[in-house]
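We begin with a single chain expressed as structure tokens, specifically the form predicted alone.
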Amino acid sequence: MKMTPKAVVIGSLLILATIVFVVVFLPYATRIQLPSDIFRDRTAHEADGRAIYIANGCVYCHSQSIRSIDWGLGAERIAQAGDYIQDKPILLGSERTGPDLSQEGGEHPDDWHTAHFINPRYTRPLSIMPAFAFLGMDDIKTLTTYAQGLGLKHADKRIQRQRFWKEKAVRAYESGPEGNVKWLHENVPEGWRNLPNPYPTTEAGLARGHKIYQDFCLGCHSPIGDGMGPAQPHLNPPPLNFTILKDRGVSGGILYYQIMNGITGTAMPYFKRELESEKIWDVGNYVAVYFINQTDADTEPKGIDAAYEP
């Protein structure tokens, strides 16, 4: 057989066809994909929310797949093929302009999502996500239902926890400022309640705290710390008014613990994955100095001074 141009072209096409058949069509025809341990069928309401998610191009900025190389982003679970057997099309996404949403369900209560979809700057002041208030409240609630289902069975457990604590948080808020603060403090472990802010109050520290507060907090707590930020009308219980905390036993440790872990059931999220330790202390001290007008920074009990302090 002579290696004529015709023979080369035909041979190359046959080789390519064989590869495509073996690599693409044969696995597709013989695949048996079993559900993962967290899989459940999506509800009709969640499916409606997914349609809104697709129609508004959310997949262009949000992925729904955590890989082994993503552990550093705070992922709790690596995505598995069995998570997606109901998804047609699969919305894995390739861009993380916004956070990955594969385990979004139950990270926040429903009212946080309502405020976030109306205007993302209400809950995340630095967000570049467009506002979706134009969808109307019915579609926003449907989209929220879809977001709260991401994570499937694991999301269901997180949602159940959010609702359990929301009931308690609302009841505490409705009991009045004294009862609300008492409940909030009682749910901080005792060791944190008696822990002062270990860093001295400095001009630089307060400036750092101010910047962090602007970047993360003012949408809910407002620029003056009274809890009347633009997100407030959409949240129940509303954001805490820091100005009521004076002489109510709030320590640097209490502020640190609540900023670090959030307050489940409320719109207050955790920041342990976004803010390093000193930044949490700094923003806590900023709140204490400017809104509570009372700080315990660098008071006893103290240990060895930090390796670098002014």
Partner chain sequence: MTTNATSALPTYMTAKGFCLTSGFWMMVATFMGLLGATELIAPDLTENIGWLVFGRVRPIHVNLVLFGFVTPGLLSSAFYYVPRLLRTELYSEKLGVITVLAWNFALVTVVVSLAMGYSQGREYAEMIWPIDMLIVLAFTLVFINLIMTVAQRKEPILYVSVWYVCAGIVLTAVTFSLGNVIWKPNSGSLVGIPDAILLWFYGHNVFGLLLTPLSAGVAYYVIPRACRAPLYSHTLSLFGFWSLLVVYTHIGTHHLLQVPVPTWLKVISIVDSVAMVIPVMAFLINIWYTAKGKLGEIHADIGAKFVFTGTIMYFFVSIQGSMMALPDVQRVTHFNNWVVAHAHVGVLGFAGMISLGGLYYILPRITGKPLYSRFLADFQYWLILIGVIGFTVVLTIVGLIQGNAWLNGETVYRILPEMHVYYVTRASIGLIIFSSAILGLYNILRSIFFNPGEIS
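Treat the numbers as computed from the prediction; the structure is a model and nothing was measured. Residue numbers count along the first chain shown, from 1.
This next part talks about the form predicted in complex with its partner chain, which is not shown.
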Original post:
Is Ser94 close enough to its partner chain in the model of the complex to count, meaning some heavy atom within 4.5 Å?
Top reply: yes
Original post:
Does Asp215 make contact with its partner chain in the model of the complex, using a 4.5 Å heavy atom cut-off?
Top reply: yes
Subject >> Ala7, heavy atom within 4.5 angstroms of its partner chain in the model of the complex >> reply: yes
**OP:** Give a yes or no for Ile128: in the model of the complex, does one of its heavy atoms lie within 4.5 Å of a heavy atom belonging to its partner chain?
**Re:** yes
Original post:
Candidate spot Val20, Pro27 and Cys61, all three in 4.5 Å heavy atom range of its partner chain in the model of the complex?
Top reply: yes
Original post:
Want to guess which of 41-49, 275-283, 260-268, 245-253 is within 4.5 Å of its partner chain in the model of the complex, heavy atoms only?
Top reply: 275-283
**OP:** Just give me the single entry in Pro196, Gly179, Pro230, Gly98 that has a non-hydrogen atom within 4.5 angstroms of its partner chain in the model of the complex.
**Re:** Gly98
Original post:
Can you pick the one in Arg208, Arg121, His234, His108 that has a heavy atom within 4.5 Å of its partner chain in the model of the complex?
Top reply: Arg121
Original post:
Though the partner is not shown here, which residues of 39-62 have a heavy atom within 4.5 Å of its partner chain in the model of the complex?
Top reply: Ile54, Ala55, Asn56, Gly57, Val59, Tyr60, Cys61
